[in-house]
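A lone chain, given as structure tokens: the form predicted alone.
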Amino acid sequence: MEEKYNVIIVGAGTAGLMLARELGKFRVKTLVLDRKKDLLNFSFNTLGSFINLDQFGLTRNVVAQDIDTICFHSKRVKSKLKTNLFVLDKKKVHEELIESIDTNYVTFLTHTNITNLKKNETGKVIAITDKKGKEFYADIFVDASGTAGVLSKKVGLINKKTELATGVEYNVKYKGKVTELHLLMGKDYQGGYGWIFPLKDKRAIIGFGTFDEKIVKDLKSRLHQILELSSIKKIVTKDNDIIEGGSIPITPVLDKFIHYNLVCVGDSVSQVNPIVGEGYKFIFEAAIMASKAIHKTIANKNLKHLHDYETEWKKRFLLNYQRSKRTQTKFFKYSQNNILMDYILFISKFFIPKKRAVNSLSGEYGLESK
């Protein structure tokens, strides 16, 4: 019989690491499994975030650049919004999380590809299996495997075919204002959306993403076309051929994350906020919620407490996510029309209060009246 843990987490990404850190604080015997050898190897290395660093125990070392302005570009209109957010260095975020995990209670096992699960007659998960047939046993299992949804898809919490927004990006020379982040919208941006994230040392990340499966295979050439736009040439210069890329889920908003003793966190159940595609602060919160429910479940030996996680998440996020999803759907449609995007951007300058715009962009709907 293999060694049994209180909790086994599948995936050592954003959700898995935060959850492992919190479970370590509760002194829960935890095993974290990941298919990668190197936990600091990413498809994307930066992200824009409205995250509160102190809330999640992170230092300013994870900040690649402070941002005080978001500049929105459509074909003919440019609009600026004053706010405060960060461009984060993902590697440094994950390094800090790993360093903060109590290894007296949390064990890591990399290069382990989980492929299946075993249930008993009641539906409870009793073990998970890697591709070599090795079994791992625990009281509670967690799927934090990202869009792969290794376990969440097998129990039907998420569809086996996941809709994805896919993007590519370059690290380029930057000639713009170092505290100004750019968002690119409209048909000129090839049926998707673009971004420019300033970094230090006069560098920036320029990327292009799309929700349209028809043009995913052509992302690189479309990004090259964007780089040739005169308005973009004024801001960045491509000086290398190193391209990065990745995907985030755009599935419908979900509110079921528990299957008997299986808990799902992060992209495995589509917890990226639909409006901005920024997952870190939302997934971190969800992982902390899940850790509290798991700890309570273990302490009381009662699986019903796992559902406290769903209840807390719904109260905190569900209405915001539903509204964000409706806005996302509209954006998919509007982004195909330059005139419409110009109009929306123009009227937003005069008719949308700044606080409401910031709350909406950050995914925190409903806070403008508080």
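This one's a predicted model, so the numbers in the text were calculated from it and none came from an experiment. Just count from 1 along the sequence shown to find any residue number.
The discussion below concerns the form predicted in complex with a small molecule, not included here.
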Contact at L47, T112 and S247 by the small molecule in the predicted complex, all three, heavy atom at most 4.5 Å: yes
Only one of 266-274, 70-78, 118-126, 226-234 has heavy atoms within 4.5 Å of the small molecule in the predicted complex; I'd like to know which. 266-274
Indicate whether A148 is a 4.5 Å heavy atom neighbour of the small molecule in the predicted complex. yes
Closest heavy atom of Y280 to the small molecule in the predicted complex, within 4.5 Å or not? yes
So, F141 and the small molecule: in the predicted complex, are they within 4.5 Å at any heavy atom pair? no
With a cut-off of 4.5 Å between heavy atoms, is K92 one of the residues that contacts the small molecule in the predicted complex? no
Among the candidates F197, Y174, F136, Y170, the residue which, in the predicted complex, approaches the small molecule to within 4.5 Å (heavy atoms): F197
